[in-house]
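A single chain, nothing else alongside it, follows as structure tokens in the form predicted alone.
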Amino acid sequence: MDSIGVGIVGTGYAAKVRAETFHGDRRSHLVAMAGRNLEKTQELVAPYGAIALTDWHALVTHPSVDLVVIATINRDHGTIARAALEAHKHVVLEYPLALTVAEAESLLELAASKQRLLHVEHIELLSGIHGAIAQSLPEIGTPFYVRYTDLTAKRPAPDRWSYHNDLFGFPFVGALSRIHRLTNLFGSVAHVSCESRFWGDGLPGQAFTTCIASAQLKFTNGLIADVVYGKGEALWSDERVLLIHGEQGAIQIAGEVGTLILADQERSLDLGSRRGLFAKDTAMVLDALTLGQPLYVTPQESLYALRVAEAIRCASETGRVVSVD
């Protein structure tokens, strides 16, 4: 291909980093960026000589755009991805691919029929944390129990789209990376259960001030995982802990500190840096488009994680144990 023309929907952190990375790579150039605030968007694209738009429809149909990057509110991911694929564009988007499994499956089918790249970013899989866990798993023997907690205290609750269920999705759908990390490490899930609670309603069109969701996953290999996700003003301290118990030891990730715990020793894990992951993902997308190199994650893997998350949502709504398949 000649230099790949890129259009980016969104003006947040991920969009900024991707714009900078595409501009700095001779294989690509930024054509346009779409955002709700025209003045802010114009400021972002000025260094790249790109077009600032407020309408993403104009971006996905622009004749000079070959690749559409979607970095906006979760609710719109599926709609924009569909429009871009229908316009014969390659698509990269932040997780989740869509808020429902049915829509996600339809998008995979559409991408295949159009012979276009559909890549759902999951930079956590590129992180030093995930790499250290995967490398250390053989040392702890057969894993049998995982506790994964991600709580964020925010007081007052921010006035952001991520505190709207209809924009963000059910907690484990919007925060799909927590589920995807586990399915990447431990494989398929047999069944799930879940309890959740929202403060401030959280009804369609209304914001919540706090959410908490606690799910239990039973993997087909027998492993049990307790996963807790929450954020908002009713929480009083942050907690980010991933603890994996194996028959010969354990792996603990507490914030940015990793520890391998064995019978006769404890050893610190090198978790590397979280910086540069969006740029790394972007460079790998260009490698896939220009060199045909496989990406580090497939959309089918992301779809499976979404299927697990949707089962968790169903379990929360019904109070029942739900089979993933």
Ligand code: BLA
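Heads up: residue numbers just count along the shown sequence, starting at 1. Keep in mind that what you see is a predicted model, and the values were worked out from it rather than measured.
Keep in mind that the form predicted in complex with the ligand is missing from the display, and what follows is about it.
The ligand in the predicted complex is approached by Trp161, whose closest heavy atom lies within 4.5 angstroms of it.
Under a 4.5 angstroms non-hydrogen atom cutoff, the ligand in the predicted complex lacks Leu223 among its neighbouring residues. In the predicted complex, no heavy atom of Gly232 sits within 4.5 Å of the ligand.
Proximity of Arg274 to the ligand in the predicted complex falls within the 4.5 Å heavy atom cutoff. Screening 176 to 184, 82 to 90, 248 to 256, 132 to 140 for residues having heavy atoms within 4.5 Å of the ligand in the predicted complex returns a single hit, 176 to 184. Checked against the ligand in the predicted complex, the candidates Phe170, Tyr148, Phe219, Phe198 yield a single residue with a heavy atom inside 4.5 Å, and that residue is Tyr148.
Proximity to the ligand in the predicted complex, defined as a heavy atom within 4.5 Å, holds among Ile123, Ala207, Ala213, Val101 only for Ile123. Residues are counted as partner-facing when one of their heavy atoms sits within 4.5 Å of the ligand in the predicted complex; in 32 to 64 not one qualifies.
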